[in-house]
Structure formats: structure tokens, C-alpha cells
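In the form predicted on its own, a lone chain appears below as C-alpha cells.
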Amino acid sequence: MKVLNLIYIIAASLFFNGIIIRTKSIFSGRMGPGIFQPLKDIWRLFRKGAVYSQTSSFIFQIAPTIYFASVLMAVFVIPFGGQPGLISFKGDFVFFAYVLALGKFFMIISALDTGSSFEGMGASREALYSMLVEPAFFILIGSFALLTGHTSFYEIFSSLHFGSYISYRIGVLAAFVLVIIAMIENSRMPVDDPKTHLELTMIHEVMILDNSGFDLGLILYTSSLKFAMYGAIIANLFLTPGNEWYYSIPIFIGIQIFFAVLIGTIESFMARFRMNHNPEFIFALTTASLLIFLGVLLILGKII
């Protein structure tokens, strides 16, 4: 049963980007591609060979694989309703955060390995934004750990119950924070524009300019997998051990679809921030997480 969560997340990742693109097409009044067009593009890249610059080393060649493996390993930790993930232990949310950081680290140094000043600039921005978003995640999950008295994802979500107006507000705010974290981690609007072609304002896209073929396809699919992974974490806020599978599966699917539509809607109506405003926006997430922490203290009676 533990493998079911992995299957659900992989299945969600296959259509996640397609729903985002389809949503943006509808809001812009265009027909747009089909939901599975991004998956077809990735499959086409998988069948092509990769080209490596003579100035790059083996780090550039192994980075996409490590990036994909790190996200897949993080998926193993995520539970599904009353079922733990493939890997579950006390403090596994720390492992989750830093195994993702490992993949991000290799993508950053692979961009530096190319010797391109543009890719180095994008790598610098990626490192900065990842550093700024990290406190928000740890304060958020740490608050739930304090509320439930557990330190693993499975035990936290299994013990998490919303029963008062404060707890409902905490749940909604936590879902909002996770949505923004997912968008920042995947370099989407309003922090970055994945469709831009101006190197001076690109972040993630300028980091992968030299990647091609199978490596590029792996990077693109990993982005979809990471979105579905964060969608699964959000879904676990609403999946409790009392929900049978015939309730849990529709809730999981519905949240993944809503998450993708929400991202498409945000990207349709929001412009990208100026570069100097991005750190302020990202750091504001820490403030939202601190509000969750204060709400937990109110529930526990630590603040009167």
C-alpha cells in the first residue's frame, strides 16, 4: 500500500503542466495545446541525444540525474492519508528539505560549470531564492510538529485535525504558503517567467540553456514531479486516517487539479515582479509562517 502514494504523485505529474498551460490558454482566449502536449515534448526529448560543451566537466553531465533522483527521493517520504510513505522516520521533513537542496545544489554548480556568465547569474539568483524560502518551510512544518507532538510527515498528518476556527485558518494559510513555496521552487510567476527569452531577467531557464536532449527532458519532467509532490503535501492537510480510499483518492485528484488551475490562473493575471522585489516577496512567506506558529501557540494555550 505504501507504493500507492508514489503512483498517485507520478500520475498527477503527467498532466500537471498540461493543465497549467490549458488554463492559461483559456484565459487568454486561445485554443492552446492539449493537456498531454508537455508530456509529448518531454518524450521527444528523451529520444534525443545530449550535447555537452567541451568546457564543462562530468558535473554538468550528472546534475540532471541527481536533480531528478533528489525529487524522487523526497516523494518517497510523503504519506497518503493513513498510509506512510515508502520512507518514514522521525524528523523526515528535515531529510525532505535537504535532499531537495542537494538536487538544487547540483543544478547550481552545473550552471557554473558551463563557464557562462548568464548561467552563473541565474544560479546566483536560484541560490538566493532557495535560501530565503527555506525558513518559511521549516517554521510551517515545525509549527505542525509542535501542534501534534510528532516530527515525521506521516505522524504529523495522521495527528493533524482541524476543530476550531483558528485551526481552520491555520490550515488555509498553510496551504497558501505551500502553494507559493512550490511556485518559487519551480521558478514560476510572479518570481520568474518560464517563457521569457531575455537572459538578464531569467532565473531557472537561463541555468539550463546548455542542457539538451535526454537531460533537458529529465529537468522538465522533474519540475512537473516537484509540482505534484507539493500538491500531495497540500492534499495531506485534508486527508486524515478516518477517510477511506474512496474519499481520499477523489480528494487527492481534486486538489492536484485545483492546484494546477490555480497556478495557471495566477500566471494569467499576474506580471513578473521586478528582480529587486523578489527577495521581499519571498521573505514575506516567513511572516505568514510565523502567523501559523502564533496560531499553534494559541491553540496549545501558550499565549493567553
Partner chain sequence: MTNILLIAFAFTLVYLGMSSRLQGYISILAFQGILLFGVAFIELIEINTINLMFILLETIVFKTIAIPKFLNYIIKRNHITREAEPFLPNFLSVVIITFIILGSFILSNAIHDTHLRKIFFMIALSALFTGLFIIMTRRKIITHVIGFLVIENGVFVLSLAVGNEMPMLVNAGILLDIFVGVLLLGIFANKIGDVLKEQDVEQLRQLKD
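This structure is a prediction, so every number in the text was calculated from the model and none was measured. Numbering follows the first chain given and starts at 1.
There is another form of this protein, the form predicted together with the partner chain, and it is not shown here; the text below is about that form.
Not one of I249, F258 and I266 comes within 4.5 Å of the partner chain in the predicted complex, counting any heavy atom.
Although the partner is absent here, G18 lies well away from the partner chain in the predicted complex, with no heavy atom inside 4.5 Å. The shortest heavy atom separation between P33 and the partner chain in the predicted complex exceeds 4.5 Å.
The closest heavy atom approach of H277 to the partner chain in the predicted complex falls within 4.5 Å. The shortest heavy atom separation between L4 and the partner chain in the predicted complex exceeds 4.5 Å.
Along 260-296, residues H277, P279, E280, F281, F283, A284, T287, A288, L290, L291, L294, G295 each place a heavy atom within 4.5 Å of the partner chain in the predicted complex.
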